[in-house]
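Okay, here we've got a single chain as structure tokens, the form predicted alone, with questions on binding and movement later.
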Amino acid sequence: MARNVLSALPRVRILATGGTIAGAQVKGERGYRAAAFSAETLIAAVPQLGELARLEVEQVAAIGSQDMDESTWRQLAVRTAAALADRTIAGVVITHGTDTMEETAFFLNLVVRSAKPIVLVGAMRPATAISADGPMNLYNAVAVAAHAEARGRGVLVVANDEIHFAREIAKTNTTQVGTFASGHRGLAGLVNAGRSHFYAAPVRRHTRASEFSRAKISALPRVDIVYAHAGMGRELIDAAVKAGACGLVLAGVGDGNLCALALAACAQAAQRGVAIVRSSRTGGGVVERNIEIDDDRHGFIVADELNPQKARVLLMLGLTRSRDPAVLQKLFFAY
């Protein structure tokens, strides 16, 4: 009977990349070392996972997410797609550090074409900390990945009993376990001790409906982010262009605004074929076209709802298809 029950459980592939969820504190020191534990060790610490799914583990990387890069993104996309291509796999869980989790989640949301659940999970406290949040986060993530209603919702992130859409999530606090927020359209749902409650589906294009394909991306063009501030000059913009940036995302003030010097530098860069995206440093709201800056005249692109780091991800992918600002703008309104 026990064997029949086990075989009836869904199969979930865990792809491990390290992060704080696998971190260990260093004795006598305040800090910790990310990616100290293997995924098998994390799973062994939560034996209740065996009641949710049949798990199999693959260690893709062992890094803190501050070291996440485009090469590892592509590798993750390949391994995620390979797992989901197995008809017996119900979903994938990716353990990941929280620092760049939103960027990885958004990248996968754009390049992995599958309706099956893809769930990223991490922790704000290392595995050896008092009241570590990793075990419950991992338990909930597996529960979501194994749930039939998680299908077709794009890439999800599970943390602190909440389910977030990859497009909406942002890290908002340096240390608190409730660091993640989804400001524009709200949560994808809640998960309480493995019991999932899903809300409305996402409204923008993702996964199966995406025009991007990880199979066609061997390299991503360089895109830099420049942070606007009072008294800003043009030096950082000029330096990024000189260094070979194909695109720039401006984390502008207010509605993606720039001072006169920075605006002139961006206009000149756009004339040279560099894609210029105006985003906002505020953390919320929509960057509109042609309000205080004449985007049509300068050939600029606005980020719409995307924060600077996600605008960078979309721009990198967009530049693999076109350098036309009009085409790129349509992508920002679609995704």
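Quick caveat: nothing in here was measured; it's all calculated off a predicted structure. We number the residues from 1 along the sequence you see.
The form predicted in complex with ligand ASP is left out here; the points below concern that form.
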**OP:** Would you mind picking out the stretch of 161 to 169, 188 to 196, 118 to 126, 148 to 156 that comes within 4.5 angstroms of ligand ASP in the predicted complex, counting non-hydrogen atoms?
**Re:** 118 to 126
**OP:** Heavy atom within 4.5 Å of ligand ASP in the predicted complex: which of Gly91, Gly134, Gly97, Gly247 fits that? Just give me the one.
**Re:** Gly97
Original post:
With ligand ASP left out of view, which of Gln66, Gln268, Asn290, Gln48 would have a heavy atom within 4.5 Å of it in the predicted complex?
Top reply: Gln66
Subject >> Proximity of Gly318 to ligand ASP in the predicted complex, heavy atoms at 4.5 Å >> reply: no
